[in-house]
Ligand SMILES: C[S@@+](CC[C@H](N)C(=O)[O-])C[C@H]1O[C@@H](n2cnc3c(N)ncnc32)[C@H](O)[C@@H]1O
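Read the single chain below, which is given as C-alpha cells and is the form predicted alone.
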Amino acid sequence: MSASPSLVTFSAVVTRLRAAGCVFAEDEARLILSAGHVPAEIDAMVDRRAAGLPLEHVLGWADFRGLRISIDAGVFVPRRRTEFLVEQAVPLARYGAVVVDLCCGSGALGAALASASASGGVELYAADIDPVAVRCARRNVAAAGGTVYEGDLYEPLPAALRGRVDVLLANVPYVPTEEVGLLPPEARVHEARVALDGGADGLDVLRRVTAGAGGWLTPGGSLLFETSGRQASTAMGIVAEGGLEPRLAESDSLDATVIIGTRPSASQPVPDGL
C-alpha cells in the first residue's frame, strides 16, 4: 500500500533515518526525496536505507569527483578518499594516454580520470572479475568512451595493450581476511566480498597486480593503487620487487594513502618475467 504524503515529508524522513542511526540524516533525506517520484517509492527507499542498505545502493548512484556514477546492488561503492588516487593520476594521463582501470568495480576511477583529462582524450579500458560489477561498469565506462572486460585481473585484456599502458589504476581489495568481519555492515553485508578481501595481510591481490604490471606498462608508465597507512611500507617493497619505482602520496584530510609505481625508462628494463 502506498505511503501517505505525511510519511514522506522532509522532517518525517529525517526522523526515520536518524532513528536508524544515519549520521547525515538531513543530507540523505534530501537526496532520497529528490530521487523518489511518488510517496510509495520514497517510503520504500527510506525503508531500505533504514534497514542498512548503503545510500548509494538505495539511490542507484554515487557522487564521485562530481560525476554521478551508476551503482547497482552488491557493487562496491567508490569511497571519497579514493578521489585522491584519481587526483594523483590526472597529471600522468596526457591527451591520448592509454588508461586501464583494473579491479574496476563500478568503473568510477576510469570514468573520473577520463573526465578530468584534457577533452576526455584518453583510451580507456577496464576489467573486473565480478559479472555484476562489470554490468554496472559498462554503463559508466561507456559514457567515457571506454570498454569493460570480465575476467581475472589482466587475463581478459586485449594482448595488444601489452607494453602500451600509460596509467594503470588498480583499486585492489586490501582489507586483511580476518578484518573483513570488522567492517561496517554497509560494506561487509552489502558489497561483494571479492571487492574487500585482500588475503591474509591484505596485499595478496596487490602482489599479483604488481607482478604483472611491468609487462603491460609502457616505459615511464605508472601503476597507482590505494592502501592503508600501516600497509604502505610493505606495499612499497612489493612494488620495488616488481621492478617498479615506488612513490608514496598521502592526504591527511581524506585519510588516503596512494602508492605510485613507475616502470623505468627503456634504458632501465623491468626484470625478466614481468
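The structure displayed is predicted, hence computed values, not measured ones. Note that residue numbering begins at 1 and tracks the sequence as displayed.
Absent from the display: the form predicted together with the named molecule. The rest refers to it.
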| said: Against the named molecule in the predicted complex, would Cys103 count as a contact residue? Criterion: heavy atoms within 4.5 Å. | reply: yes
| field | Contact label in the predicted complex: Gly202 to the named molecule, heavy atom within 4.5 Å | value | no
| request: Answer with yes or no whether Arg208 is in contact with the named molecule in the predicted complex, where contact means some heavy atom within 4.5 Å. | output: yes
| query | Would Ser117 sit within 4.5 Å of the named molecule in the predicted complex, counting heavy atoms only? | reply | no
| said: The chain here is shown without the named molecule. Which stretch in 135-143, 152-160, 178-186, 91-99 comes within 4.5 angstroms of it in the predicted complex, by heavy atom distance? | reply: 152-160
| remark: Residues in 152-186 that come within 4.5 Å of the named molecule in the predicted complex by at least one heavy atom, in order, are Asp152, Leu153, Asn171, Val172, Pro173
